[in-house]
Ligand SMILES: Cc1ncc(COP(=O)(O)O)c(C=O)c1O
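Heads up, the chain below is alone and in the form predicted on its own; it's given as C-alpha cells.
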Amino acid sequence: MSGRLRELPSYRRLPFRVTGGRGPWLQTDRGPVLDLYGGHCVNTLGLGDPGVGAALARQWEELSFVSNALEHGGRATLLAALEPSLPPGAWQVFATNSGAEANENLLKAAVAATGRPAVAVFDGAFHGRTAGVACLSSRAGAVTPRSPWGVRRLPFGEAAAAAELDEEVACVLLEPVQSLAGVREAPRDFLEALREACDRSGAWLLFDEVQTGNGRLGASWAAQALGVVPDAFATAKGVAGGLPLGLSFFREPAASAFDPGLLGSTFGGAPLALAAAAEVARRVHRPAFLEAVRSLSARLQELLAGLPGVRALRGRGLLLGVELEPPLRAPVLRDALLEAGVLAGTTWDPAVLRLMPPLDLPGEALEPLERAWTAAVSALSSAPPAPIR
C-alpha cells in the first residue's frame, strides 16, 4: 500500500487487535478477553448472537433495503415486538441511525410543539456528538458548537432544580443514569419533582435512554425501573444488538403536538436494522429475561463488593460503576485488568470503573473476572510508586 490514505486518529485505541468474538469473549492477537464493556452498551446479546444473525440473513434475502417512502412488513414487526415493553400510555416512534440523532429529534419536537426557546439539561450530561446535542453535554470538546436553542444547565440529582422549569423552557432532557459522568443514578424524588414541574409549566420531560434502555437496568425502560414516565424518550446502542439504529418514542398527547414531517432519515428504519431490533426486543423484554438480568446484577454486585480496592458500587442492572479505594485509579486498573484478560471501561470520574456486559452474560464469567481483578489489584499494589515529576 502507498500509505496515501490513513484513518483519522480520533480514537486512542487499546493495545491489542480484535480478530473475532462470540458471546462475552473477544478473540484478540493477545489471547481471549472477557468483554465487560459491551461495545458501549451495544452488545445487548453478546457478540455473534445466532438469533440476531439468523434474523439478518432472512431479512437480507427478503428485502435488503427500501426507501422510507415505501411500506414494508419490518416496521409492523418491530412495533409488535416493542409495544408490550412500553410504559403506560399511547406511543408513537420514529427511527433514525444513532442516539445523538434520536435525542435531537426529541428536542426538535419539543421546541416545535411548545414554541419555547430554552432546553434544560444537567451537569455531567452526555447526549451525543452532533451539534444540536454536543452543546448540551458537559464535555463538548475543544470546539463547542453554537447552540440552536437556549441552554439552562442545572445540578443533577437535586429536586430543587425543578423550580427552574418555567414557561420559557420547552423541555428538560436527562439520562436516568449518567453513565460517562461516573454512573450517577437519578434519585426518585428528583425525577418526581421534574415530572411535577413539567406538568405544571407545560415543558416536556425527556429521557435519554441511549444506554439505560433495552433491559440494561433490569427493566425494559427507565420509566419502569425508576417509576417516572417521560413525555418522550430516545434509545439506540443496544436496541439492535450491533446494528446502527436510534429510536425516538413520543407519548400522547406529545406525539400529536408537532408536525411529524419535521423528522426524516434516509437510513433510519432500514429493514436490516429493524429485523435485528425486533429479534432483540422479543427476547430482552420477556419478564424471565429481565429477572435474569436483575439476578445476575445482584450476583455481580455481591462479587464486586468483596473484591480488594472497591469502595462503593453505583448504578443498577448491568450498568454498574465501581468506585475505587485510593490510590487506585480507573484508567490504571482498566489497563491492568486488560493485561489479565478482562475489558472494562472508564468514566469522566477517574475513581470510577464502568461495567456494561452483555445482558445474557453467563454466570460462569464471574470467576475469570474475580481472578483477573484480584491479580490486577495485587500487581498494582506491589508496583513501585511512580517517580515524582
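Numbering starts at 1 and runs along the sequence shown. Not measured: the values here are computed from a predicted model.
Here the subject shifts to the form predicted together with this ligand, a form of this protein not shown in this document.
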| property | result |
| --- | --- |
| Non-hydrogen atom contact E175 with this ligand in the model of the complex at 4.5 angstroms | yes |
| Interface membership of S137, this ligand in the model of the complex, 4.5 Å heavy atom rule | no |
| Non-hydrogen atom contact V280 with this ligand in the model of the complex at 4.5 angstroms | no |
| Contact of A100 with this ligand in the model of the complex (heavy atom, 4.5 Å) | yes |
| One stretch from 72-80, 291-299, 204-212, 265-273 that, in the model of the complex, holds residues within 4.5 Å of this ligand by heavy atom | 204-212 |
| Partner-contacting position among G128, G242, G309, G218 - heavy atom within 4.5 Å of this ligand in the model of the complex | G128 |
